[in-house]
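Here's a solo chain for you in structure tokens, the form predicted alone.
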Amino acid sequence: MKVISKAQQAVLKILGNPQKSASGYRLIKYCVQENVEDGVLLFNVLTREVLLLTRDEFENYTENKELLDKWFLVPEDFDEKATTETVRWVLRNTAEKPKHITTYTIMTTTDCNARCFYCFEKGCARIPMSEETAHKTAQYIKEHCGGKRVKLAWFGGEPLLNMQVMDIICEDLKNAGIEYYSGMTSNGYLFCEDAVSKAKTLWNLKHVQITLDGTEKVYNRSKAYIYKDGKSPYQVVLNGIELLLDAGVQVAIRLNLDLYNADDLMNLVDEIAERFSGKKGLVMYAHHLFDTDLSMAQTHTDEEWEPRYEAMYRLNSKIDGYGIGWTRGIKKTLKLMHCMADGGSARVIAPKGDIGLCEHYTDCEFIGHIDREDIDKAMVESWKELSPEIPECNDCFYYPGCVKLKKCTANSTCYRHEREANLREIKRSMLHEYKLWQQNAQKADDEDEEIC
């Protein structure tokens, strides 16, 4: 048996010694299996450990004391869910609370140069951040970051419609001696040579997420940009992506998937892979179009989600085939928070200086303002409230890794296909860890040969 990825020691410490059982043992419900060429991978979602067993070891796993010691085996009557809740409670109550705010999502404007039919901000007022508010934002960051390095996440609307406030905030932070870097969510249309140059030299831009809805005809129709200059927005955006990649900025292309564009996105992957072949820093991933729209998401039944998830699997497989998929390894610690909203070290600053916790709430749910020190503690706590559990939670393999917030529009409903998607993604991450382990093992062997 080989350890591919180590367990979280804090979890093992809370679990303590394995329980003895007169009635025998079974694999914990949170154990995910995946066959590989030299055995079987096992991942414990609770302890975060990944093991490689030979096929003989796996066939006789109930007799493996090491699996018992590592909490892959538990007594037949073991209550996984109650144990997980205890582990989470201890970890949450012993974890060091964030002392400073080091991540800031800054909405430079709620205006946008596109008119996407699915926009979650449709109907919201189009408000730009003023230069005065930009200076105050930089001062607020300086006063609350504790001198630590900060991450700036530019958001909108389309953040590039108000580049001057980005310049002001970065210049003020630089003059104050605050180290920073940034990321951005953008449609990419305004990334010309001057903007990319500024992104590297002033904004310290490391990565950009850009959404593509399809090949040229589908994309141009879906985005419905306000410009009437005869240019193809699709080509303008692809040129911007190339400029970013050439400048060393990572670009994550998000493919908004629904049934209307599922086949076209398959063609888009071919086009993107050919256009940017050999370019470093490009990743792609698919995302369900309406899962951030609560009313839309809840209208789909389990059966109606099925073709969407099937289309997602096909699309992700094609992306992976080109080697440009966004693959994450196994998260080394048990998930206790859902996102920035309940994490405690992040803030959203809206164009008028209002402070929030979630970038998807642009005109409400604010907890304060940059002109005031007082914070609405009740509102902060409300963002920590979890979604009600469903019966499927009792036996779900993913339960230790699942934290759903009641106020989160993207995580209010759990469908069978979502659980199947989680299983596929975990297996994908397991294989990623396994390949890294193989590479490291091969590297060690090569180094030994050189010494000899």
Partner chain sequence: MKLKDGFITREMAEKQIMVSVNGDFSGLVRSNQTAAFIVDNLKEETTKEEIVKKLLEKYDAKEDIITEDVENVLETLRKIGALDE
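Numbering follows the first chain given and starts at 1. Since the structure is predicted, the reported quantities are computational estimates derived from the model, not experimental observations.
There is another form of this protein, the form predicted in complex with the partner chain, and it is not shown here; the text below is about that form.
Of the listed positions (I375, C124, A224, V90), a single one reaches within 4.5 angstroms of the partner chain by any non-hydrogen atom in the predicted complex, namely V90.
Exactly one listed residue, out of N220, T327, N256, T83, brings a non-hydrogen atom to within 4.5 Å of the partner chain in the predicted complex: T83. Residue contact with the partner chain in the predicted complex: K443 places no heavy atom within 4.5 Å of it. Interface residue remark: K435 is not counted as part of the site for the partner chain in the predicted complex, having no heavy atom within 4.5 Å. Among residues of the shown chain, T301 is not one whose heavy atoms approach the partner chain to within 4.5 Å in the predicted complex. Using a 4.5 angstroms limit between non-hydrogen atoms, Q439 is distant from the partner chain in the predicted complex. Stretch 91 to 99 is the answer when you ask which of 174 to 182, 91 to 99, 305 to 313, 110 to 118 has residues with heavy atoms within 4.5 Å of the partner chain in the predicted complex. Applying a 4.5 Å heavy atom cutoff to the partner chain in the predicted complex picks out K13, I14, L15, G16, Q19 from 5 to 36, in order along the sequence.
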